[in-house]
Ligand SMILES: Cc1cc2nc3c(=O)[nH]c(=O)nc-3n(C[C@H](O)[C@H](O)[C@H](O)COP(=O)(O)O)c2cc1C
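Taking the form predicted alone, here's one chain by itself in structure tokens.
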Amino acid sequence: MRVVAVMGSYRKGQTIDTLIDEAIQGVRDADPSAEVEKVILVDRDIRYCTNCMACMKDDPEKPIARCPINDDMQALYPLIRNADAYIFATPVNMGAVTAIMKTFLERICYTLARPGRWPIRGCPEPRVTDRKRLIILVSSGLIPPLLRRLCDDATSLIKTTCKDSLNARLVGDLYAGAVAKRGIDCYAAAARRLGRKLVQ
């Protein structure tokens, strides 16, 4: 199984980086033969989408639509497309994903999806037909899990984008809340369990 883990935090070695490593360890515990690639978005040259619509207007039968922006996404497109499962992880910033994760999600939308017909003609549908699997890890420094629904729009955005562009089904998610007070150790086992669940 090929797993791609996308780390959308700006800070290495902190909450999200640690939890994604726990999930990766869970993958390896459950499937020692799994190929796992961790993509740290801040280490990549990923430019903003310019809404040129080249990807949306490209041949819908192509496995990956053309994007004229020549940056590190060109190497990431086939990596993402050819994966069997995904770990997407981000802090919740201002209630949503980080800016770099949002940029990444915008760039995969119509390069890995094509204009569909439901519910509105042109909405993205996956170019791939094989079903993928997904887990999502998000964290908040202040907001505890009990109040998650007040601040977490990140999970729904990632879930929807992965469903529409990657044909990925969510098999589980983790909200690590109030980590400034609680720390991250109390969430590590849950992240590892999700990693095992991803490949079982």
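Quick caveat, the model's predicted, so the values are computed rather than measured. Quick note: we count residues from 1 along the sequence shown, nothing fancier.
Below: the form predicted in complex with this ligand, not depicted.
A.B. asks: I'd like to check something about Gly141: if you look in the predicted bound form, is any of its heavy atoms closer than or equal to 4.5 Å to a heavy atom of this ligand?
C.D. replies: Close contact exists here: in the predicted bound form, Gly141 approaches this ligand to within 4.5 Å, heavy atoms only.
A.B. asks: Answer with yes or no whether Ile16 is in contact with this ligand in the predicted bound form, where contact means some heavy atom within 4.5 Å.
C.D. replies: It does: once this ligand is placed as it appears in the predicted bound form, Ile16 has a heavy atom within 4.5 Å of it.
A.B. asks: Would you classify Ala83 as touching this ligand in the predicted bound form, given a 4.5 Å non-hydrogen atom cut-off?
C.D. replies: Heavy-atom contact with this ligand at 4.5 Å: absent for Ala83.
A.B. asks: For Cys151, is any heavy atom within 4.5 Å of this ligand in the predicted bound form, or not?
C.D. replies: Output for Cys151 is yes: heavy atoms within 4.5 Å of this ligand.
A.B. asks: Out of Met101, Ile108, Ile87, Val92, which one falls within 4.5 Å of this ligand in the predicted bound form, going by heavy atoms?
C.D. replies: When this ligand is considered in the predicted bound form, the option within 4.5 Å is Val92.
A.B. asks: Want to guess which of 160-168, 37-45, 57-65, 132-140 is within 4.5 Å of this ligand in the predicted bound form, heavy atoms only?
C.D. replies: Only one stretch qualifies here: 132-140.
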